[in-house]
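A lone chain, given as C-alpha cells: the form predicted alone.
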C-alpha cells in the first residue's frame, strides 16, 4: 500500500537548544540510544511502513547528515523502485544562504521531485523525533475518513498542552479548530508534526502560498487554518506509543534514560519493527573483573573497568579503573579516565574526562552537557 504515498522528512532543523552537539552536525544526525542517530527513526518507520521513496530535506550543517542519509542501503531503501534522496534548498535568503523559509516552503521547492513520482498521498515528517510509527495505519485512517489532510496527534498532559499546537476535534476524529500554543487549551491532542495530504490539493495550495508575501510558508501557521476556513476535511489520528521531541539536552538525556526501563515502550530490540542504523565494525563490549554495573544500557565496543550506575554508554565509550559514571549518557568514543567521576551529565562524542576529574552534580537542576575535554588532576 505504501507505494501510493511518498514521504518527505524535514531534517533541516538547527537544533540550537542542543548547544555544542549541533555545532558541527544537524540535529537529526545527533546520536541516540547507544548506536543510533535520530534520523534513523523516521527512515526506519518509512521502510517498515512499506514506503519506497523518501526525500530528506536538509540545510544546516548538513554535510555529515547528507552522506549518512545517501546510503539508503541501511534502511533497505535502495532497490530499483525505492530510494532515499537528499534534497537541499535552492532559494536564496537575505543572507545569501540557501534556506527553506518554512515547513511548507521546503515542500514547495521540491514539487518537481514529488511530481516525478506522481503519488496520490504525501507524508510530511519531522526528522528529529524519537518514535516508532506505522504510517500505513495512518494512511488507512486517512482514506476511511475521506480526509483532505490527516494530522498525527498525541495526548499530552493537560498542564503541558499550552506548549504545543493543539487540535480540537468533534469526537469522531474530525478537527474543528487548531490552536497554536493556546494559553487555555480546550484539549490535550498535540500535533506531532506528521501530516498526510492529498497531493493534488496540496500541490495547488503550495503554488498559491509561494506567491503570498504575507505567508510564513508553514503548515501549522498557514495551511491548517486555511484548510479549516475552507471547510476541508481535516482529521486527527491519535498515536498511542512512545514519542519524544529531543530538542533540549534534558529531553535527549531523558529519552536515553527511558531505555533503562525493562518495559520501555520504545523497545529497540523488537524484531517486528527494527530500527536500522549504520553497522559499526567494533569489538564486543568488555566488562573488567573489577567493574561494577547497576542498571545500565551498554552498547558494543564499550569497555568498563570502573563502576557504571543508571547510565547509557554508546559505542566505543571507555570507563577506566576506579572511575564512576552515575545517571549519565556517554556518547560514542567518550573516555572517562581512571578515578574520574561523572554525574548527571551528557558527554558529547569523543570527549575525554581526565584522571580523577569530577564532572556534574548529584542534585543539579539541569543535565550538564560536557562538550570539551576535561583536564585531570595532576600528580
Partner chain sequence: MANKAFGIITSAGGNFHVEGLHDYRPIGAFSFLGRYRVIDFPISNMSNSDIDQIQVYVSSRPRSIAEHIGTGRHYNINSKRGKLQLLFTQISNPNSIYNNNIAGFLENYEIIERMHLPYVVIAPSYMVYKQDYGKLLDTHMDSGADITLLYHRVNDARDAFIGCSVLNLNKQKGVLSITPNMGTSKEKNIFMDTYIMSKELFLDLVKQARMLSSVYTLADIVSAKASELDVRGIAHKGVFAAISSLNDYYNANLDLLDRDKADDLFRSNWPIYTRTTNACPTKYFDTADVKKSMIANGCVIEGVVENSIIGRDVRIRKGAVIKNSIVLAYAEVGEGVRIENTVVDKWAKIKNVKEIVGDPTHPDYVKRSDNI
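Being a predicted model, the structure only gives us computed values, none of them experimental. Positions refer to the first chain, counted from 1.
The next section is about a form of this same protein that is not shown, the form predicted together with its partner chain.
**Student:** Counting only heavy atoms and a 4.5 Å cutoff, which of 121-129, 286-294, 136-144, 241-249 contacts its partner chain in the predicted bound form?
**Tutor:** Correct option: 286-294.
**Student:** Residue-level question: is residue 276 within 4.5 Å of its partner chain in the predicted bound form, judged on heavy atoms?
**Tutor:** Output for residue 276 is yes: heavy atoms within 4.5 Å of its partner chain.
**Student:** Taking heavy atoms and a 4.5 Å cut-off, does residue 299 contact its partner chain in the predicted bound form?
**Tutor:** Residue 299 belongs to the contact set for its partner chain.
**Student:** Quick one: does residue 352 come within 4.5 Å of its partner chain in the predicted bound form, counting heavy atoms only?
**Tutor:** Residue-level check for residue 352: no, no contact with its partner chain.
**Student:** Within 4.5 Å, heavy atoms only: does residue 33 come near its partner chain in the predicted bound form?
**Tutor:** Result yes; residue 33 sits at the interface with its partner chain in the predicted bound form.
**Student:** Taking 4.5 Å between heavy atoms as the contact cutoff, choose which of 156, 87, 259, 235 touches its partner chain in the predicted bound form.
**Tutor:** The residue in contact is 259.
**Student:** Which residue, 148, 303, 105, 222, is the contact with its partner chain in the predicted bound form, using a 4.5 Å heavy atom cutoff?
**Tutor:** After the contact test, the surviving option is 303.
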